[in-house]
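First comes one chain, alone, set out as structure tokens in the form predicted on its own.
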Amino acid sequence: MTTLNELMLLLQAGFVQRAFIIGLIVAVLSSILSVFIVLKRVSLIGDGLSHTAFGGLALGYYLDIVPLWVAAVVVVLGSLGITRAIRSTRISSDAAVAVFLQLGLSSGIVLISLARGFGISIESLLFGSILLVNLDQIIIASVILVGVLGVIFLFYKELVYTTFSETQARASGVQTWFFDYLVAILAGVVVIAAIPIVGVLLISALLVLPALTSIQIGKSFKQTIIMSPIFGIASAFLGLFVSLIFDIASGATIVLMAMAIFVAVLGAKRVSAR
């Protein structure tokens, strides 16, 4: 367990400060988008895209091409495929996600076994390595944050309309199919940005828990979308602090903090209701 003096020294270290910065960026990214994902009832898309990203990363290492860029292309294609399958009346949303989840996971494992592991830490891909984040990753994540927030701001009314009443939005002339694909693509981009923090296996939690927590106490959509990043940032910062104090895995701790906050808010809501 880290002492107070050791913790203060760690907080002054550059790699820890970079971890908090990237944690803030990805927390805002994932938590804002999570509101649309949860309310559109496609929460499992995070699982499908994260496992698709695993397959994309493995393909990048196997082809000896920048893995993150290969994964980005694969995830975007995967998001389009999942959305296409979900919009099909023949395939349920959970079945569509399951198909891409298993495809990404199995192909990634096969490629890793063929290349005898690539000489990299598979654990860092699966569970993240936020303390190893560099300045370039922070810059890329910042650009993604600005781009995603810009798109959401530009199409805010249409996104809200299609989220709450797709049938009425379609009757009003809104191209609902476009915004379904748009949300899926944005989710894929966020997955790629979040991999350095919580890894492939845990990113789906950040695309669900902040929104679930804010929905419990938000009295309007605006309140919900404002509170979601607050819960996301709190999860990231608390998770980092706890992981530094107890010297445990940062990514998993961030997710556990998000879950703890959700349970606490849910419990407080039930107590107040009584």
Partner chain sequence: MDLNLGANQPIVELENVRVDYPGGVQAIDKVNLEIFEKDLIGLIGPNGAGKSTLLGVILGLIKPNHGSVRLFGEALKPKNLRLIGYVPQKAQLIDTSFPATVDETVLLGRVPGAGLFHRLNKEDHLRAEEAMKILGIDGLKERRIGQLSGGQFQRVFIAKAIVDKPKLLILDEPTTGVDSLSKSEFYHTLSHLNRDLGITILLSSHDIGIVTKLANKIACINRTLYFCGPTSEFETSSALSKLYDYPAGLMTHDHP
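Numbering follows the first chain given and starts at 1. Since the model is a prediction, treat every value here as computed from it, not as a measurement.
The protein also exists as the form predicted in complex with its partner chain; that form is not presented, and the subsequent description refers to it.
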Tell me the stretch among 135 to 143, 185 to 193, 161 to 169, 98 to 106 that has any heavy atom within 4.5 angstroms of its partner chain in the model of the complex. 161 to 169
Joint contact, F153, F179 and I215 to its partner chain in the model of the complex, by non-hydrogen atom at 4.5 Å: yes
I'd like to check something about V174: if you look in the model of the complex, is any of its heavy atoms closer than or equal to 4.5 Å to a heavy atom of its partner chain? yes
Residue contact check: S243 to its partner chain in the model of the complex, 4.5 Å heavy atom: no
Within a 4.5 Å heavy atom cut-off, is L39 in contact with its partner chain in the model of the complex? yes
Is T224 close enough to its partner chain in the model of the complex to count, meaning some heavy atom within 4.5 Å? yes
